[in-house]
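Next comes just one chain, in structure tokens: the form predicted alone.
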């Protein structure tokens, strides 16, 4: 579903990512870990096509099509969705109105979707204005639920979320990624940035990767990688035999 080949990315004339190679098959969910400032969010922004990161070398291929130079709206139409780590506040735009614009399909109403995440009371509020950390994250998940993307980029879904909200979001994200379906029947895929690994309490990831100093330095079982990081820190991943 997603293939990245020898990707190099600059931000403000400074190279942030280099030699990035990553392949995620249809129906797979992968986890990306790494220390702060290693380039994880930049990679997600580059995949989505935002203007800040500039690809200087390499390819991003989605569903077999080269999207390296494709604008962000066209990538969204192809089926890529994103959950921001720190989404903006949008004054004057109600959450419910946005959801009605991006909604795909007629299986449920916006109110039904919102009820599943306890967001009904926020539909008539400006997006993220006065929202708590948990409400902001649930709003991001709700937007993905109504968009129904084929591939999801999730930037630290656990950040700033209490345990009750994490449980609600974790179950919703697992459903989005079709973790309640047998592996051979899954169509959706995703790439999740995590620092804590809490999201792994709610879904099984098919692959794990560690990004250090702008380069993926280790690949393997995400739970095993997390154990190593908790025990010895990210620098231990530099010794990974599966590079």
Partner chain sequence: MPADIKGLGDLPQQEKERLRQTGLEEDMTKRAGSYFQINQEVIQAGSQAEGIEVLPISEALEKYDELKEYYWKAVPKEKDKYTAYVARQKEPRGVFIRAREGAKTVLPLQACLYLAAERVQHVHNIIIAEKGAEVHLISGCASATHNVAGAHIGVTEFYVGEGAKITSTMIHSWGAKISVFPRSAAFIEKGGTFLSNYVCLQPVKKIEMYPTAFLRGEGAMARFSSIVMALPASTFDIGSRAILGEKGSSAELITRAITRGGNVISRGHVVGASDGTKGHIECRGLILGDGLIHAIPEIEGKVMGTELSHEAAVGKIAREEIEYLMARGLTEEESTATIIRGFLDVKIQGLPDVLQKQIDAAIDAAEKGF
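All values derive from a computational prediction rather than experimental measurement. Residue numbers count along the first chain shown, from 1.
Here the subject shifts to the form predicted in complex with the partner chain, a form of this protein not shown in this document.
Q: From the candidate stretches 49 to 57, 172 to 180, 27 to 35, 198 to 206, select the single one in contact with the partner chain in the predicted complex, where contact means a heavy atom within 4.5 Å.
A: Going by heavy atoms within 4.5 Å, the stretch is 49 to 57.
Q: Please determine whether residue 156 contacts the partner chain in the predicted complex, using a 4.5 Å cut-off between heavy atoms.
A: Answer no; every heavy atom of residue 156 is more than 4.5 Å from the partner chain in the predicted complex.
Q: Evaluate residue 87 for contact with the partner chain in the predicted complex, applying a 4.5 angstroms cut-off between non-hydrogen atoms, and reply yes or no.
A: Because a heavy atom of residue 87 falls inside 4.5 Å of the partner chain in the predicted complex, the answer is yes.
Q: Against the partner chain in the predicted complex, would residue 140 count as a contact residue? Criterion: heavy atoms within 4.5 Å.
A: Answer yes; at least one heavy atom of residue 140 falls within 4.5 Å of the partner chain in the predicted complex.
Q: Can any non-hydrogen atom of residue 165 be found within 4.5 angstroms of the partner chain in the predicted complex?
A: No, residue 165 stays farther than 4.5 Å from the partner chain in the predicted complex.
Q: Which of these residues, 144, 119, 161, 110, gets a heavy atom within 4.5 Å of the partner chain in the predicted complex?
A: For this set of options, the contacting one is 144.
Q: Given the partner chain in the predicted complex, answer whether the residues 212, 217 and 228 all have a heavy atom inside 4.5 Å of it.
A: No.
Q: Which residues within 161 to 190 place at least one heavy atom within 4.5 Å of the partner chain in the predicted complex?
A: Residues within 4.5 Å: none.
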